[in-house]
Ligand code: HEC
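Quick heads-up: it's one chain on its own, the form predicted on its own, in structure tokens.
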Amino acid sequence: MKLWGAILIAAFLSSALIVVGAIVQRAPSGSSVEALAGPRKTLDPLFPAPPFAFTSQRGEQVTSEKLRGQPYVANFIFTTCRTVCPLLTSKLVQAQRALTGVEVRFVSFSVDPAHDTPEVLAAYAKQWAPDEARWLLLATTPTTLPALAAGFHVTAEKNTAPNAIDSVIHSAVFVLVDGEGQVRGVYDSDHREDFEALLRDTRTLTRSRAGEKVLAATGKSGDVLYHELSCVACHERPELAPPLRGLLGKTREMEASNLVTVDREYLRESIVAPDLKRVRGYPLKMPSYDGLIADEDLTVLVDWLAQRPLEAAAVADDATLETDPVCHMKVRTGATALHVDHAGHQVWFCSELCRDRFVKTPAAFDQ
């Protein structure tokens, strides 16, 4: 009996170890990586990153094997996205700045292989972070993208909804991969605590304390800060974000339909807490820079924005709002805003997707 008891106990313990091992090593099924998002108590491996071989924005072949030996932070974007991707990229650039001096790479996989060629990705990188040598933007292909998405357990598929703003549905997460190709963390791009955990976990993997003091004043001019913080990437595109010229004293209509007169306090609040007052007519959310910019630099940037003149060539801030006939979103008019001439008048759109759908079958949409 004692022998059988010992055998049963040993069998139970062995089974328990197998179950525990399966829970720790098992990758999420389907496109469920979001379920793993959030800060964790440990950095134990979650699942292996998939093998891949793609061309970067610099025209070089990048493979999963070539990335061995150094951790990387991955995300999934496409360059014509008008909603989540600019926010994702802005936060990735924030991470790059916060992790200055840390030996880590940043890898953005395109989920729109039909459009995002290496040349297009090079222009995108130049727009956001032209001097960031650690950033790789990889052009996928229609045949390899599904395997990549399945391997990372993320969503990346065509958006077939009739009123869709963007042409692709994809996961808005950051994935931290170690030097051995194991996924160590998944982080929701929309949560501040996840972003802080991403920075902390990256430093832990690299055994680095570089870049921890991100709030030290830089002494840089407002113009330089405007570009280095990637404000230029969205605010110089009136279809994405409000133009930042000739602001003081102007009245703006917010999403809540209330009116706000622009002053320096409003500009400061919009940088550190942008969701408190959102200008109407823009689908894109802006990331908060609270805790990511020194107070002295914030003051310099606000003063520079407050004094920035409205240039004649700039799109007028008081451009009228029109309704996109495809998705019915309010969009701002202007010389660079997406529009077509139809039946003797101009029709305005929030995205190329909506414009192309309208051009293909204009009769399908009410005017």
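Fair warning: this is a prediction, and the values are worked out from it, not measured in the lab. One-based numbering along the sequence shown.
The following text describes the form predicted in complex with ligand HEC, which does not appear among the structures shown.
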Can any non-hydrogen atom of Leu247 be found within 4.5 angstroms of ligand HEC in the predicted complex?
yes
Ligand HEC contact in the predicted complex: Pro274, any heavy atom under 4.5 Å
yes
Using 4.5 Å between non-hydrogen atoms, is Lys220 touching ligand HEC in the predicted complex?
no
Exercise: Leu301 in contact with ligand HEC in the predicted complex, heavy atom 4.5 Å:
yes
Whether Val111, Leu148 and Val175 all lie within 4.5 angstroms of ligand HEC in the predicted complex by heavy atom:
no
Please identify, from 259 to 267, 136 to 144, 113 to 121, 177 to 185, the stretch that has a heavy atom within 4.5 Å of ligand HEC in the predicted complex.
259 to 267
Pick from Val154, Met286, Ala197, Val104: which residue has any heavy atom within 4.5 angstroms of ligand HEC in the predicted complex?
Met286
Consider the chain as shown here, without its partner, and state which of Leu46, Leu67, Ala49, Leu305 has a heavy atom within 4.5 Å of ligand HEC in the predicted complex.
Leu305
Could you pull out the residues of 231 to 258 that have any heavy atom within 4.5 Å of ligand HEC in the predicted complex?
Cys231, Cys234, His235, Leu240, Ala241, Pro242, Leu244, Leu247, Arg252
